[in-house]
Every structure is written in structure tokens, then in C-alpha cells.
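Only one chain is included here, represented as C-alpha cells and corresponding to the form predicted alone.
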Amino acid sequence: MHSIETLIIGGGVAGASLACSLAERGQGAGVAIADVDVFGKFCSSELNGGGVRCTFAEPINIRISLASTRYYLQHTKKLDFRQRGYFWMYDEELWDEARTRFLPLVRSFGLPVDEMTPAQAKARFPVLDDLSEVAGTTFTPFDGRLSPHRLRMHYLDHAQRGGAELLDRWEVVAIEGTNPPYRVTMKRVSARSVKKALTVAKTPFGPEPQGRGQAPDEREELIVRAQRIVNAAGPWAPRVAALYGRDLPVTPLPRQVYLLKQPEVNLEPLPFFLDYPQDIYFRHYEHDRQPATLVSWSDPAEPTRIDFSNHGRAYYEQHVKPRLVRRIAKLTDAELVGGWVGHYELSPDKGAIVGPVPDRAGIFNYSGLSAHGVMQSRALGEAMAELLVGGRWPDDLNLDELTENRFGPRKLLAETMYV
């Protein structure tokens, strides 16, 4: 039976960042990443907006993002990191809270924040139109955007060079044992069955238990012994947690994304726009080597589930377009050229869940990133690697307040800087 020192379940930006950081510490030879879709198109990390920001309401999130952004600034060309800033639009309630709580906190870290009235914002960014219900705006120039694909490939490349093994198209279906080493059973997934394996409703991260009338699962099987297991399965993390008997509070939420082309609109030199009153964000995106606009809306009626179905033109016309063209009228006649669905992995307080799993020696959480995975992955991966190698968090980034234990009697975070 094959033995693995550290089995990372999930090859998204979280699992890849950890494997990279372990490899950089000389520990890569004992690492394996198992994922149904390591190099495929369904990874949530590949389907997100690619924003990188340090503007949060909780100090721990600022520290994590700030450390990560400093790393991205060292690799701007490789990661296509463009420090164009973030532009924030607030409604009256959030604007009052921002000025009294969020913005002083952000500035206390030495990060610049420009406050503007809606009129000043329109003068600075003439592409904007109707801001009538916006109470205030900010521009945070330290923030920016990068290529999620390039970032993940960067991590995986470093991990493999350091000896990490990639177990692509293997589905974890059982985790047995109460202490290390754990016996982990995986089933082979064909290329044509990847989407089905990811979307079919299941209790664990694998087939439903066999019962009367069910065909046996005759797929190729791989059984390994793992000294340590890291649950980095993103929106699928609860399925993995069920295999070792835990109920992990991570909720998958699909988010619709659309791409538009309009020859007179090029947002490339402009910030990442976050529109709180309308729950949308929009930014520059390159499509077929031409400027395009990416827009995404958080639909409060969207069911919490894994669902890769893009809702199409009619949905865009009814729900997304009115919000977008209110801000940029020139996009009224834009051509809809593409779209997809990514998934948030939401924790109850919109903060990452990392560190040891309670009552499960040798098993660790690294999920619940709540749309902050790309922007925070470097620092989180580094901290997790320090924990696994040295048995403690880094001195400059103690993440005890982000462990699973906080969902008991302890106070939750109060992160409200979230769209």
C-alpha cells in the first residue's frame, strides 16, 4: 500500500499554495495532491474574479491579504498582477460604518484610502454614470487583480519541482481510522465523468453508500496510507469532512459571471469595481486578446449547491444588465460574448477555516475561504506549511482565531467587507 506523508485533498489555489510552501521548505517529496479535476475547467479557483485586496473589516484578514499581496508584487509579470486598485461604492448604512470602523482600521496598517463623494468619483472615473443611490466611495490603490490560472499554475509548478505528486482524476471516497496513519480510498474518474462527480448530490465526497438495487462501484481503486490529511476541497470540503465524521460549516454558492464587449469601453487601466448597493462587481477582462468587461452578481435567491449551469442571456438581461448599465451606460448595447459559473465556499462569518480539525489527530482544515482564496492564498499556504512542519503558526501570523473551534462558544468574526 502506497504511503503518503501529507495528503492534500483539493488542488485549487488553497491546496496548491500549501503544496508549494511545503516544497519550498524541503518537504515536497512527501506531499500528494488528490483532486477530481487538477488541470480541468471546473476548479473554483479558475472561475473567480481574480481580485486582490487588503481592505477588510477584520484585522486578521488585512494581515493575511497584505502578506500575500507583497508576494504577488514580487511576481507581477508571471502572475499578471496589475495594481489598479479597488473602487468601492457604499450605500448609506455601510458608508457610515466604513468611515467609523473599516477605513480607520485599513489606514492603521499604512494602506492608502481615498474617500470621494459620488461627484468626485465620476470626475475621477468618467466611465461611471448613475451613482444617485451611492452615499460614498473609496479608492484603495494598493489593491489590484491577477490571473487566478497563472497563480495556481505557479504554485503547482513549484510544488512539483519540489517533489510533490499530483493525483489527478482521483475521487476520495473513504477515510478510515481514528488516528494516523489513515487509510484513504480513492476511485478513478474518467475525463467524461468529472463534472458529474463534482455536481451529483452526495453525502460524502464520493458515491452514495451502496444499497439495494445500486450497482457496485467498479472503477479503478487506489488505497493509500496518509500520516496527515489536509481538507482543501473548497466548496466540496463538507463532503470530505463527512468522510472523517465531521460536519464542516462550509456552504457552496454558485455565482453567475458574464463577459461583455463594447468597443468604447476599456476598463483595463481602471480599478476593480465593487458595487455594494447592487451586489455586483465588474472589472476589465481580456477575451480573445481584446478588452472585455467581466461582471458578476450575487443573487440572494440562488440555491446553495454545486451547480455549473450558466443562466444565459435571458437571466443576464433581466437581473444583471440593469445593474451594470446603471453604472456604465455605454454597456447598454454591449455584446454578450461569454459566461460561466464559479462557486464561493462560504463559512458562517466569511473567514477562512484553517488549522487542526478538533478530535481528529493528523487532519487539518484549509477551506471556507469565502471568495478570498486567490487574494489570501500565499500567506495562508505559508502559515499552514509552518504549522505542519514546525507544529505552530508563524510568529507574525497566528491564525488561532480562524480555526474550526470558533464555531462553538467563541465569538465569530464580523467580516462585512464582502460581496
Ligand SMILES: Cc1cc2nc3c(=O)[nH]c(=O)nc-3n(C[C@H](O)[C@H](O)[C@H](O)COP(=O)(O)OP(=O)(O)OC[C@H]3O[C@@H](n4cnc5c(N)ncnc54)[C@H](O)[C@@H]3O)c2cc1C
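Each residue number is its position in the shown sequence, starting from 1. Here the structure is a predicted model, which means the values were calculated and not measured.
There is another form of the same protein, the form predicted together with the named molecule; it is not shown, and what comes next is about it.
- Screening 89 to 97, 314 to 322, 134 to 142, 335 to 343 for residues having heavy atoms within 4.5 Å of the named molecule in the predicted complex returns a single hit, 335 to 343.
- The shortest heavy atom separation between Ser45 and the named molecule in the predicted complex is within 4.5 Å.
- Under a 4.5 angstroms non-hydrogen atom cutoff, the named molecule in the predicted complex lacks Arg378 among its neighbouring residues.
- Contact annotation: Pro271 falls outside 4.5 Å of the named molecule in the predicted complex, judged by heavy atom distances.
- Taking the partner from the other structure, the named molecule in the predicted complex has a heavy atom within 4.5 Å of a heavy atom of Ile9.
- Contact check for Val36, Gly49 and Ala371: all three have a heavy atom within 4.5 Å of the named molecule in the predicted complex.
- Contact with the named molecule in the predicted complex, defined as a heavy atom within 4.5 Å, holds for exactly one of Tyr285, Tyr155, Tyr281, Tyr182, namely Tyr281.
- Trp170 is the sole member of Trp170, Tyr244, Phe81, Phe102 with a non-hydrogen atom within 4.5 Å of the named molecule in the predicted complex.
- In the predicted complex, the named molecule lies within 4.5 angstroms of at least one heavy atom of each of the following residues of 245 to 275: Arg255, Val257, Phe272, in sequence order.
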